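We've got the same protein chain twice here, in two forms, each standing alone as structure tokens: structure 1 and structure 2.
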Structure 1
């Protein structure tokens, strides 16, 4: 391995998206925030991602050309251009892989038939540019199925090269997406030998190969974005067909819960709010934000309403069938509900219907609006997150940061980050329910509402506890750094 003269732990992050350059979900947030947190803890970090055409021009203008080479990829040895564009931001080096054939059309994800070749190329090129630049990390940290081939290539085609001496970590952000296609298609584009396409590595069934499965088999360590999700995905219900595979590799599997960017989500400095606030004045300032939100959205202006926020993709995964089942019972003369998001037309339609028949008590804002999201976090009394499954979840962390009490189902990161309120000890930072049942969701909402109206002192104390809870990346980054150092030996 090339000598690391300054003694710092070197980490290369490889993933398909990264805020602010391109982001479609939580993966983009992690690829942005975790490297910045690791820099503060004394790491050297590079982030490697595709140079998509859809990256905004203002970010492309930050990049400089660093070189190019030709790389063979497929079973027949086809050659492809690999260009390197580089930028630096907040101490993190970003290396973009440029190839118009793969990245100059469409959005990051189009369809598996096109995406499999794209991310085969990306995974191999990411390792090739590290060798080309002679910047050899101690650990290659790859993310989700799009980078799943990286650990496989490191131990096969790149064995005996400098990058082949590094260790690998593969993080599962959402196991539902795996990179599955027909075996001949995968064989051709990976250029990997036949013996890998058996059940221990690529083979999914008689006809299909699974890119994520192969990466999990070859990675030195596997992480997920919460401890509970790491346990859940070893079961049939949550394992998305890979539960036995993950159970087999359980000794190298662990969970590290995500944090959030506490500079982006900061009630004391958020210019999108009517009134900024801290834990010291949250109780009074939250009322001012609530009034402003009620006026803006056409709700009845009343400090004494219990306002429930729901900021979500409107899909089955988010538990919205439970919300639909109890919505009319959840809503009473003391309660208002604000929904922000887009998704499944049946949920969009049902929430619009509730707004039409409950004017002044319900607002369904069926589109995404970043400024409004900040205002809902700051103005709501509670945030509802009743997910069927949730690998980590960020909305409950943001809610706590804004003094908004989370009401969540005990799954994945929701279970790991929300301690259920205990009436006897007056402890906890939210309200939870375990089984995926609508009546249990309703019970959790009613317990929260009862505390809000009947024991306001206890409610206010919980609000302040939530604001003071450390939800930053600092703790998580420390756990990742410890993992990297263990791998370094």
Structure 2
């Protein structure tokens, strides 16, 4: 491998979303925060993502045009335009791939039929622009299925080109989404040789091919976003059909837990809050924030209510069946529930229903709303994350950073980041339950509420402890850097 002139480790991040340009979930946060943390540890990082039409104009205005070329794609070698738009922010360089044919639709995702060609193009173009710009990283760090083809292309169509010399890491942020379609569709769009589709590398079954599966086979290393999830995905329950494949590749699989960007999420400097605060004045200031939130959302204004927040994509992954099963029992006259999320109509509908029959105690805000998310984190007493599975989960980390006690199911990163409260020692960061059962969720909520009302000193101590817990990227970024250095050799 060619030594970089300045000796710094060079990494190219390739992924489908990145805050603040476009974010639909935790992947967007990681694509933003990890590069910044790596820069602080002496890496050079570029982030490569699509130049979606839905990126807000104010961010598009930050970019400058860097060049273009035509690239072939597909089995018949059709030519497609690849434009490069570039922005720099806090030392991280963002290279956006411009192509109106692929990136003018969706928010940013459309549906698999269109998304498969979109991300075939993206994966190939991402490597092509690195060659074109002559910026060859030591490691290409790919994220989720949308960048799953990158390691495959590096070892096939790009072998023998400069970028083919780099090493690859593929990170699983969520194994549920894999990029699966019929073999002919995949063969056509990838333009990859036939023999790759004869083996279980690409093949999902006799009819279908799986982009993520192929990427996992070709990547030099696989990471996922918590140690527990790295173990879980090798089992049938969590493996989403790829458990055997991951078990087979287990020697190159490891878990590194996510952090959060502690500047982006900082109650002491958060302009979106009514009252900013630190661990020293959180108890008083949280009351003021709570009052402001209650007024804003039409809830009964009362400092003494136990306010439970839920900020989530509304999908079955997030344990919302459990919430629905115990909602009426969870809600008593001392409790208010605030839900912020969008997604599956059946959950949107049930939460709207609870709001309509419990006016003043329940608010279902069915929207994606960044500002309101900050206000709910700051104003709630507890945050509910009862997920069926959770690769890492960021909301519990943000909650702790804002002095909001997480109530979580012990799975994936939730298990690795929330230490259960221990009544004997008065230690811990939140309330947890293990099996996916509604009554266990209810029990955890009741334990939290009892502590809130009956042992306020212990509760307040936990709130302050949570605010002081290290949830930053520093430690984990160091682990990624170590991995890159191992790969560099």
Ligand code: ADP
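Rigid core here is just the name for the largest C-alpha set that superposes within 1.5 Å across the two forms. What you are looking at is a predicted structure, and each value in this text was computed from that prediction instead of being measured. Positions refer to the first chain, counted from 1.
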Between structures 1 and 2, the form predicted alone is number 1
Is residue 478 in the same rigid part as residue 247, if the chain's motion between the two structures is treated as two parts?
yes
Degrees only, no decimals: how far does the smaller rigid part twist against the larger one between the two structures?
10
Please give the CA displacement of residue 358 between the two structures, in Å, after core superposition.
4.7
